[in-house]
Every structure is written in C-alpha cells, then in structure tokens.
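Encoded as structure tokens, the following chain is the form predicted alone, with no partner shown.
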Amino acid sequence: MKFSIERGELLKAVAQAQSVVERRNTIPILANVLIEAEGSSVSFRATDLDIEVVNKAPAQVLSAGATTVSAVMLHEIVRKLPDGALVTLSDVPASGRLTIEAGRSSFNLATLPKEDFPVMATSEYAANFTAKAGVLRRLFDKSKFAISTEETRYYLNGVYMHVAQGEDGPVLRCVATDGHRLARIDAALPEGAAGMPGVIVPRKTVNELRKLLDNDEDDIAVSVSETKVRFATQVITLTSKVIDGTFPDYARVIPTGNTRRLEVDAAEFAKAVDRVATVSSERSRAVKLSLDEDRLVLSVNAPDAGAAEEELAVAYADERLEIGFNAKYLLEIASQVDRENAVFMFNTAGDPTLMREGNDTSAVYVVMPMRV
C-alpha cells in the first residue's frame, strides 16, 4: 500500500478516528486505526466495539492495500507536521512497518495485520431518513446536558431519540434526564422516520456525533434499528450500538398544572445566578428565588462562606413564591435558551418547575427544586 495525501485532510480524518479509540485497551488491535487505500480515496476506520467511525479522504493512491497502525501515535505525528505538507504513507507487509514521510521528516510505525481488526456487523435498519445537520445538532445539543452519569441507571446514560406526538402532529423527539432535570426537544418529523424504533443513543456517541454536525446545511443520512443507529455524511459514517434498556415514561414528570408564570431575560438571569452562586457551598450549590410582583430576588446564604443577593426586574403577576434550586442545574438550563426570554412555570415550592424558550413549545425543560 502506498498513497499521498494533503496533511489537512489526513489530520481531519485521523482526529475523528483516534477520539473513538479507548486510551486503556486490553486488546491491542483496538488501539489501532484501519487504513484502507483504494481508487482515489483512503478510509480510516476505528472502533471501541460499541462505536465505529469510518472517515474517507481524497488521496493519490499509488498502490492499493490496507494495514492497521496506532491511532493516537498517527494523530500525534500528523498534528505536528507543517501545514500544507504532502504526506506519503507506505507499508511493506513483510516488514510489519508503516512509513510516514513528509518533507524531510520520516517515521516508522509498527503495524498489526488488518485481518485482526474487528468490523462492526451490518444490521438491517428498520428506518432510514435524512435530516439536516442543524436540526440534529439542536436536538442533541439542547438535550445532552441532562444525561445521567449514574452508572447504575444505565438506561439514562444517553439521549432517547424517538417519534412522538407533538402539539401539531408527529415529531422527532430527543429526551434526556438524570432524575433532577429533564430536557425534551422536538423537531419536524423527517420523511421516512415514522416507523423508527425508539433508541437510547449513548453519551459517547452523542459527543462523537457532534463532530459530524458542524455545517448546518449538510444532509445527514440516519438509519435506526432496535440495536444500532448510524449517522452518515458524504465522508464520515458513525455507527453505534444503542443502550439496551427501557427509557422511563418521561411524560409523567412534565408538569401540566403549573400556573405561576415568570418571564425573564435569559442571559441576565444566567449571569445573576452565576454571580450569587459564587458564595454557595460546593456541596449544596443552593440558590433561593424569591418572587413578588415584577421582581425576582436571587439569594444565597452559606453560613461558612457568606451571603449574596441580587435583584432582577421580571414579568411576574402571581402570588409571592420562594423556591430553591441547585445553581448548576439553573445555569445549564438557562444556557440552552437561544431566544431572548426564558419562561418559568411554577406551582409550589416543592413541585417540579417547567421552563420554555419564550412561547416556543418545541423545547421544554423541567428542573426539580431543592430545600433552602
């Protein structure tokens, strides 16, 4: 195998591959990337047995072939090569070495046989549809902050992507929750997605997927089966196993009877919460919200550290209310708001609070209060 490739193209392809590779591996081949050169392109494949990513890059292939080499080592070498360099990779199977040459630099890396590299079995997908990268990015970006990190409730360690009934008909919906907060984001249902089984996309896959979604106008081909999900652009294919578990009935925890309405400038609110939380104790991070007509007082009282208070002008016309929240949860939810105003709907100090972005009901957040 021998091919020449522009350093920028190579770096982009290898960067995505090496991020999938687990740093601590008991199986040596899983630390490697499978390089396959054929025609006028080269593909780079990496896997951790749960996720597989394949990156294609244009190259001048002088002789076709395939080999595997350390993904992290290859990435480090390419990263340190000068911009715009033409990189030539060649291997002689008999020697068990891959040679990388660029300008006056030359590297020799140990290889492992391509036959040992595990390729994820293809599965029959129950649904295939296309969605714009911008739509998918919004669905996952706005929900992923609520993914649980608790390993015992493994079925909450991802984003639940499914078809649901929205206000105006069926929607493609992503939900994540950790029991303290919940995010539910809707988008118009793409053609062909109606028969899709609901799947829980793991956290690592959600983070890797983010790299495919930079250009809003890119079309992403999505394929879903009971056990796998695949996202593909023209150059990258990301295939992942889904979490084998049942996502809880989240609709039950979304309050419907909250009538006390607070409207506040989202950016101002987030900054104020951040400021007063500076003195909160690390353990509780509790912030108290005291609501009266058209005014909100945010306060923190940490006996060992000090106290803080800040007042905001808001739109609120209901009876007095005092309610406490974890500052981190409030900040994360407030930072999801793209519009100017955030709307909070309260019931009592002990009930879950609902938050929306202005009048937009396609993004709904729920946060549990805490005693202060």
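In case it trips you up, residue 1 is the first one in the sequence shown, and so on. All values derive from a computational prediction rather than experimental measurement.
The protein also exists as the form predicted together with a further copy of the same chain; that form is not presented, and the subsequent description refers to it.
For the candidate spot formed by L112, G324 and M368, no residue has a non-hydrogen atom within 4.5 angstroms of a further copy of the same chain in the predicted complex. Of the residues S290, N215, S123, N108, just one reaches a further copy of the same chain in the predicted complex with a heavy atom at 4.5 Å or closer; this is N108. The partner is absent here; in the predicted complex, the one residue of L49, L62, A307, I27 having a heavy atom within 4.5 Å of a further copy of the same chain is A307. Of the heavy atoms in A313, some are within 4.5 Å of a further copy of the same chain in the predicted complex.
Although the partner is absent here, V279 is a contact residue: one of its heavy atoms lies within 4.5 angstroms of a further copy of the same chain in the predicted complex. Using a 4.5 angstroms threshold between heavy atoms, G257 stays clear of a further copy of the same chain in the predicted complex. In the predicted complex, a further copy of the same chain sits beyond 4.5 Å of every heavy atom of G169. In short, of 141-149, 244-252, 194-202, 271-279 it is 271-279 that has heavy atoms within 4.5 Å of a further copy of the same chain in the predicted complex. Contact residues in stretch 2-21 (any heavy atom within 4.5 Å of a further copy of the same chain, taken in the predicted complex) are absent; none meets the cut-off.
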